[in-house]
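In the form predicted alone, a lone chain appears below as structure tokens.
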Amino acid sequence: MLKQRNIELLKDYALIAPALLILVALVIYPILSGIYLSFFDYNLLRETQPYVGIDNYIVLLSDPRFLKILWNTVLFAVLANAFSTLLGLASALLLNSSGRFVGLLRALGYLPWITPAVVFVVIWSWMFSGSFSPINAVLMQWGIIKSPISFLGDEKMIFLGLSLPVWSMLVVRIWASYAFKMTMFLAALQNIPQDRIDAARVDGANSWHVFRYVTMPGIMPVLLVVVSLSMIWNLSHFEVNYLLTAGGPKDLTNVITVYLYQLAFVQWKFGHAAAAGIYTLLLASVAAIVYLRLTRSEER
């Protein structure tokens, strides 16, 4: 009996071994290598790579530029997550119906999700350009502005405390991420039993009451998962900020992942870059812990 049980255990381990190997090779080993590298002043332009302990972490935290970039990272993550969630939920509510063009509208809504980042960043760069922007052309035709605006370069134009390049970057990141949330919310909405909604309306509930007391509780588990995962993804976001502005102008749109790339592959400071990567990991870990606590409280 014991021998049979050991054989079954070996079979189970054999089945999960490939997944564990992939996890170790692609996740655990890079993280451990990054932690190890962060304790050295590793620079490809020098022959020696001395051990410096936690000096790389201290240097980054004492650098005003890094603190500004750290704040940018959190700011972009929070605002992009909040606005894309609202937009995704509103879109899902509008598309949660049957109609002649609903299928077409849903397909169009998926475009930001399935379009490669390089492609839509080129399009947005053209729309935000100071010379060829169709947005500038429309605004000038309507008499709202007298000269073209540099949406990605005019750091002096401030709106609600944020510069124009920051708002422009937020628009692109919100547009790029809302489609995933729309899809998830739409699936959650379609799983809400129709008899609950009908019963609420029979009891005299208006549209707001139905949304508050029926719709929101029905989609809350999905909402928690989507918001938490999106927060983690936004904290480690790279491609849009790098491809659109490379962190400029004057680090207004710079985030940790872009700064990490600049440290490693422009300045060759791999030790500092590794330390910056660990800070990113810590931020994402905080979001993951919040997600776990929220899901546990929801299960209770």
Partner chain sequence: MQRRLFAIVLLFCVAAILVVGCAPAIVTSETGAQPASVGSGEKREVFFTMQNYADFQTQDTLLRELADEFKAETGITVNYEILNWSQAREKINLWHVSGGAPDVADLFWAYTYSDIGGGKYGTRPIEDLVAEYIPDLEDRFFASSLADVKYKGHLYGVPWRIGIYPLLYRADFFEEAGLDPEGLQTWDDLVEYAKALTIRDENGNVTRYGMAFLPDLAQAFYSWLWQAGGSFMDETYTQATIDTPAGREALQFIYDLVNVHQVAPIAQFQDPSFDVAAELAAGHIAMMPAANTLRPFIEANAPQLKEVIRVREPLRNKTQDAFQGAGYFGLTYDTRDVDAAMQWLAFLARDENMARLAIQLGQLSPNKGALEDPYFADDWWFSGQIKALPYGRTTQHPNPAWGSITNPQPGSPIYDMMIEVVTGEKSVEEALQETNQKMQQMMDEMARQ
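As the structure is a prediction and not an experimental result, all values here were calculated from the model. Positions refer to the first chain, counted from 1.
Another form, the form predicted together with its partner chain, is not on view; read the next lines as being about it.
- The contact with its partner chain in the predicted complex, taken as any heavy atom within 4.5 Å, belongs to 129 out of 129, 91, 163, 183.
- Among 40, 261, 66, 57, the residue placing a heavy atom within 4.5 Å of its partner chain in the predicted complex is 261.
- Picking from 202 to 210, 121 to 129, 174 to 182, 101 to 109 the stretch near its partner chain in the predicted complex, with a 4.5 Å limit on heavy atoms, gives 121 to 129.
- Proximity of residue 233 to its partner chain in the predicted complex: non-hydrogen atoms within 4.5 Å are absent; the residue sits far from the partner.
- Although the partner is absent from this view, residue 34 stays clear of its partner chain in the predicted complex, with no non-hydrogen atom inside 4.5 angstroms.
- Within 4.5 Å of some heavy atom of its partner chain in the predicted complex lies at least one heavy atom of residue 6.
- Interface residue remark: residue 153 is counted as part of the site for its partner chain in the predicted complex, having a heavy atom within 4.5 Å.
- Taking its partner chain as it sits in the predicted complex, the stretch 207 to 226 never comes within 4.5 angstroms of it through any non-hydrogen atom.
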